[in-house]
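In the form predicted alone, a lone chain appears below as structure tokens.
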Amino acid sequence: MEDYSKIFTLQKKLFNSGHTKNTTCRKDYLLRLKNLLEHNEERLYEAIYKDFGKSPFDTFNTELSIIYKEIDYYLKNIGRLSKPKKVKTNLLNQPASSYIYTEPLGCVLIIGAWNYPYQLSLMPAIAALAAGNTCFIKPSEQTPNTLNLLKEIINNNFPKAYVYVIDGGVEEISEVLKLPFDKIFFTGSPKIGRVVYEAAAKNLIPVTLELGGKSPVIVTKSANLESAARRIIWGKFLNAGQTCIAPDYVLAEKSIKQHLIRLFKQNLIEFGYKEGADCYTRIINKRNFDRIKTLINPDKVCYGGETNEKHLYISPTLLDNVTWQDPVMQEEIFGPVLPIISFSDYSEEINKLSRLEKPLAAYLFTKDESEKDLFLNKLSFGGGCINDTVMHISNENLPFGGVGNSGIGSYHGDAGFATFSHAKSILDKKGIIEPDLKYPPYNEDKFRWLKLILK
């Protein structure tokens, strides 16, 4: 802890020197990071496979490619994002000019998550560094091989006064949270998010919380069912369901539910999700294995349900005839179990969803414009797709974040730069001549003119 305190002091000193505000330096560091990751790609694949069996294909597709794109985005746009923006000046303040200056916050702390250990640790850090901050990165200790490799790559190649990877568990992070950071960015569960939020509040530290929730996917009778089934199965069982924006459960219109289930089964067979397959990962640890297993009611399994405790394997599992009262509907599943509930009245189902906690994502499959409108205008959620799942995260032009119980704030692209910046407002007076309306002594004429100008 003493070492972390010293590194924090070094990072604050470097930030206060103004060095990190230099856009050329920012670009150089980001390019160095990209080159290091590319140079160590094979080692990155090996480390994450050791942690929970994730293949090179999925690692590149869902982690490294997104990281590379984010770095490239900032390399291209740092100049635009950092440049002061001129805005209109109102009549009362004439003659003058008005600007918004974007300045970095200072020394920030990034707390990543285990399910996408590269993406969820590095994406917010890239945004923070692009915005001109110094940075502590705390990857999850539940993926020790990826943590140690990230620590080696970054700590051996960057000044610790600029960016530094720390490790440790609950005890260590509890101590680190006592440092007076200028921003904390956390990805994880709502339960731990509340702990981070409370710790930050003691020092009035602004936070971004990327949490989760039970993200619904709704399928109506007007949908293209073949496309819906394929996209839902891929989005759900990617990373063995250990994805914060994975479809948590399906709401299927009653008249098409059984056909949709048949299509689900066909796609599961076609995709080849099984133990040891390169497209399917292990459950991260025994604790999560046991938790997910208890959510599987054998009487409601219509596909899958197999488990192997030794290899932390749970097969893709479909549950039919599920009710809102079942245990699987009481918590975020975060695993390869997909409950299916039928509905008859779309409007009523949307109303029901609107009364639940706001999820990180929501998905709708339909061709009906009125159903789209009701979905978009009635439901509040972090982000999502119409006629797809998960893919909104891949568009750097879309902010990614939650709302309510699923999070605070957003990042990716311009939104990430803004998250780690302060918008400083400046009014630049150009002359010495100005009306004396605002100055005492007051009189009726001044009051009359004031009303005319300010109304």
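Since this is a predicted model, take the numbers as computed values, not measurements. Numbers for residues come from their place in the sequence shown, where the first is 1.
A second form of this protein, the form predicted in complex with a small molecule, is not displayed here; the remarks below concern that form.
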Residue contact check: Glu349 to the small molecule in the predicted bound form, 4.5 Å heavy atom: no
Any of the heavy atoms of Lys138 lying within 4.5 Å of the small molecule in the predicted bound form? yes
is_contact(Gly188, the small molecule) in the predicted bound form, heavy atom dist at most 4.5 Å: yes
Quick check on Phe334: any heavy atom within 4.5 Å of the small molecule in the predicted bound form? yes
Look at the candidate spot formed by Ile173, Val195 and Leu360 and say whether the small molecule comes within 4.5 Å of a heavy atom in all three of them in the predicted bound form. yes
Could you tell me which one of Ala161, Ile296, Leu177, Ala229 places a heavy atom within 4.5 Å of the small molecule in the predicted bound form? Leu177
Listed residue (Ile111, Ile314, Val217, Leu129) with a non-hydrogen atom within 4.5 angstroms of the small molecule in the predicted bound form: Ile111
Quick check for you: of 85-93, 114-122, 315-323, 366-374, which stretch puts a non-hydrogen atom within 4.5 Å of the small molecule in the predicted bound form? 114-122
